[in-house]
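A lone chain, given as structure tokens: the form predicted on its own.
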């Protein structure tokens, strides 16, 4: 096998509980996750450190974060770099780490995603989040990501005649899944009635249909095949597929995630799998309305029917397509630059058969990440 075909494995994982960590710095959170990850590997030394962080330059006034994190864990004489692509930061950083090993450049890459969003007032946090959009066009005119999702939500209900309670159930599902998960932020049930009576965030989106303010850090070690010591714990990172689209304003169809569809078609072609081969999925459900659109864009249901599998119970751990088995963005939490790394760890736990809501005999898991309204999409395929 040539270096160009090197196989990539996840050999160690570590994460912090997602919470509003008032008493911990961004470096402290990263240290906890990295220490836990390296402990699984008897503190094996990585060849390079890749950091994913989306908002540190806004919320902590901190650039050069990868160097600070490396110094804080006493790994100062190896290369380090930070990746930022909005909400897609974690998946983009993973793609960099994956490519490092795939190319044969490095054997062991330590990847850490970290975000601390609770440091600022809500208005400051919302301004930072809005920076993921075109500042001159959207933010200057007071248009936020939630406002754009609200437009999509109204269009979806009107076009397909779908009731809001059908879509709100995705948040209930996430909360049910998170209840027994140690690292999840919100470990309590959330009935649909409570969601629909919560305050309006951006009409028709209710507060409990949106992701929370979350702090957290997650770390994984990616290794080449010859570095795998514990074969029972190693999970193969089989393929990473990324695609982009125009911003929502310029699309012909507001209710279809073209970048996600393209990513999925590319992944299926490269890995020779079909929808039915995937045993579970982790999706980037920042707002409830994103969930049916994701499932429809991937071809799991026909247009306007993205909620049907949920109502049928097919997203439970023993259903046809178990989904967000650790609570998703709504209940596990959404520490922006760390979210995709949490998703990959949760998929790894499923494939190790060490998950709390364990899917029976999983062989293939799929992680989905995106920024804004699928302006950019990523899919990460993992195999036992």
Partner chain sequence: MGSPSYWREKVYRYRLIAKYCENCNKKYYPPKLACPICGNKELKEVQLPRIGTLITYTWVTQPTKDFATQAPYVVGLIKLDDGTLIVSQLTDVEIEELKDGIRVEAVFRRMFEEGDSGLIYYGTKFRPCLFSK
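Not measured: the values here are computed from a predicted model. Positions refer to the first chain, counted from 1.
Keep in mind that the form predicted together with its partner chain is not shown, yet the notes after this line are about it.
- Heavy atoms within 4.5 Å of its partner chain in the model of the complex are found in one stretch of 74 to 82, 308 to 316, 236 to 244, 249 to 257, which is 249 to 257.
- Although the partner is absent from this view, residue 192 stays clear of its partner chain in the model of the complex, with no non-hydrogen atom inside 4.5 angstroms.
- Taking non-hydrogen atoms only, residue 269 never approaches its partner chain to within 4.5 angstroms in the model of the complex.
- At the 4.5 Å threshold, heavy atoms of residue 124 reach its partner chain in the model of the complex.
- Mapping the unseen interface onto this chain, residue 163 falls outside it, with no heavy atom inside 4.5 Å of its partner chain in the model of the complex.
- For a residue to qualify, one of its non-hydrogen atoms must sit within 4.5 Å of its partner chain in the model of the complex; all three of 140, 148 and 202 qualify.
- Put simply, of 118, 262, 198, 144 only one has a heavy atom within 4.5 Å of its partner chain in the model of the complex, and it is 144.
- Just one of 135, 99, 180, 230 comes within 4.5 Å of its partner chain in the model of the complex, counting any heavy atom, and that one is 135.
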